[in-house]
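One chain follows as structure tokens, the form predicted alone.
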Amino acid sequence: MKTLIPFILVLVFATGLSAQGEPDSVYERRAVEHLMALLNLKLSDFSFREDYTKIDSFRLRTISDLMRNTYGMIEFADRLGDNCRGGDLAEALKFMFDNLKKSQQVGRGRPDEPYAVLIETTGMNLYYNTLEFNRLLSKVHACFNELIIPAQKETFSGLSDRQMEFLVNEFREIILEDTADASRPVDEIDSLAKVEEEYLKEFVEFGTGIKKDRLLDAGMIAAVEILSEIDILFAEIESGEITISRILSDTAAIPRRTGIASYLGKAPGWKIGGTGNDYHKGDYYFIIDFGGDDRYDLSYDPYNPHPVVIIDLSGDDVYNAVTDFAIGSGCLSVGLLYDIEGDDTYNGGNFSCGSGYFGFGMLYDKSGYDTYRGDTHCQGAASFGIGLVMDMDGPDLYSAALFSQGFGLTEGFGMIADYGGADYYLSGNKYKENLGLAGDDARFLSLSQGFGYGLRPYLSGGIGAIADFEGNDIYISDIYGQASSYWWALGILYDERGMDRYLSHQYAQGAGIHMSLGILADQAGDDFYRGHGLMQGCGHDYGCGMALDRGGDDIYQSRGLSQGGGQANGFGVLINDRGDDAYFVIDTHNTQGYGNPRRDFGSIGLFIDMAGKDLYAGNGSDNSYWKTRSKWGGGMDWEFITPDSAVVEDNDSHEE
């Protein structure tokens, strides 16, 4: 089953490696290089050639670069954490935008400082007299008319009316699933698949004419500028400098024969709510509500794409998506929702709650115990755009069916950034998996929770990510989820602290499937990982999956092809830096450092534990090296990080 590597090599390579003050990434790299050397490999062997498949025009440069240097996923995950950690919206959006550059793209056509923009308002009369409120209204009006609408026209200027209808209808059908598929006969499913394939071929003919960068840049500028004005207004209300009653009662006298639609804040599709329990229903351009437990029944007409901004300053609110593309959804435009205070409920359907569909969609919630519900392409999901949920505080519930919770389709970057509280992420339980991936088990597709997806073989995929910075979180998915990906895509789950639980069935917890990349990076806390297989650092078919845990006493459970498993020319890596950990597997022939032989060069599987007193049921054992019966597979449990060099974890990493 396993063979010990001669101990003399251990003495040569493993002694004297600790040093004070070096980041974890230094030890991780040393350990990987050391184990690879024992397997007659070099770090440069973690590379895939881009010409294994035809290079399509939609491939992202970030994914191409990481496929050539798959070990670079660790550094990329660290940069994601660094850029999102402080909760700076502009910084997070810039990171997302910068990583949407296409492989063959030369310029982006955007200013170097996109947020330093002076926006002036012209052509509107003032209805309200309060300067502070007019400042916000004028900023929104200018963002609509001087930024977003011109950018929207430029983005789709090369498309015909028929092609615009295609985006609303046929391309949407490619993404959506039907529960009836579970009972359809095989020939009918094949027929539907052929129809969708024809849709893809048609899209490829004109999709490169979509200039999404112009619209995304406008959306980012608007998102940051409007948030700044909201913060100023809210702070002035909180300090008592101005009152809501004054804002709403202090209005101008309207001259005779002047239409009210020409006044700022009173245009069609604009609405101002008070401090009571208001009801907002319909397809709006702009809503601001100053308080109360409000209900929103929101709709959107994709045949008339337009910007949407909704601002709610306080109250326990309920948002309902009556149609697709509602609740912080940017469909062929920009959709922004800001909720500042309250325990809120977001009942989204498809393409909702931070969804960017050929556009920019964002849901920003500043505080409260919030509940997010949705079906498909929601909760930080993007296709040819940016989709973002930024939740700043409070324990939250995220529940969705498919393509959600940090999901990136072609030319899309979708992300949830959550900054406080013990959060619960649940995806799946609606659309049954009918391809037999799970054998005889009845399982459900998730394709969520830091999941990147491409439409094989025509469209390379995008980037999906969750960045969670606080709390004892629970992640539950089924088939495909939790830092996994499919077809030239990238999935990331970055969790900074807390005692977290990762539960999934297959293709999860750091899995790259079919020329794709996935990394789960947990920074601290006593964590629990459980699943069936193809997970916990698994790469399949020219894919690379990595599972990295840097601190805490962790438990890993799985059946097979996991914990550092490579299959069909895939690379799988599990690295655990510190803690007294326990590893359990059932199938020892393809786990804990396994790389099976396949095609021309085989596969790579690495298992590395660098500190602590560890327990094994499988191939490994504490303070030892082993090589599995595979092409290039092995593991080691050795004190690469000694106690004097370990970073002392603060008490917050072990939360109650």
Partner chain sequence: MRNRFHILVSVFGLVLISASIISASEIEDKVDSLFIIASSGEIRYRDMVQPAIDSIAAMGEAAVPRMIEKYDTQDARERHTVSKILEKIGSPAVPYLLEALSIDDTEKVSRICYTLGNIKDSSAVEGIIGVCDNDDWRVRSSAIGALGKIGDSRANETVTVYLADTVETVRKSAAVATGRLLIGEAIPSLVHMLGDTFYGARMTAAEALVKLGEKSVTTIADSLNSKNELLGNLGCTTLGRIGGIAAAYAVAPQLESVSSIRRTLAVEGILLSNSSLACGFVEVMAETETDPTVRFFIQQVLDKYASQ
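Quick caveat: nothing in here was measured; it's all calculated off a predicted structure. Residue numbers count along the first chain shown, from 1.
FYI, the form predicted together with the partner chain isn't displayed, but the following is about it.
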Using a 4.5 Å heavy atom cut-off, which stretch among 586-594, 609-617, 39-47, 64-72 contacts the partner chain in the predicted complex?
39-47
Partner-free chain; cross-checking the partner chain in the predicted complex, the single residue of 88, 190, 301, 241 with a heavy atom within 4.5 Å is 190
Selected contact from 163, 228, 434, 371, since only one has a non-hydrogen atom within 4.5 angstroms of the partner chain in the predicted complex:
434
Since only the chain is shown here, I'm wondering whether residue 627 would be in contact with the partner chain in the predicted complex (any heavy atom pair within 4.5 Å).
yes
Close approach of residue 281 to the partner chain in the predicted complex, 4.5 Å, heavy atom:
no
Could you tell me if residue 153 has a non-hydrogen atom within 4.5 Å of the partner chain in the predicted complex?
no
Should residue 249 be classed as touching the partner chain in the predicted complex when contacts are defined as heavy atoms within 4.5 Å?
no
Could you list which residues of 444-460 come within 4.5 Å of the partner chain in the predicted complex, counting heavy atoms only?
456, 457, 458
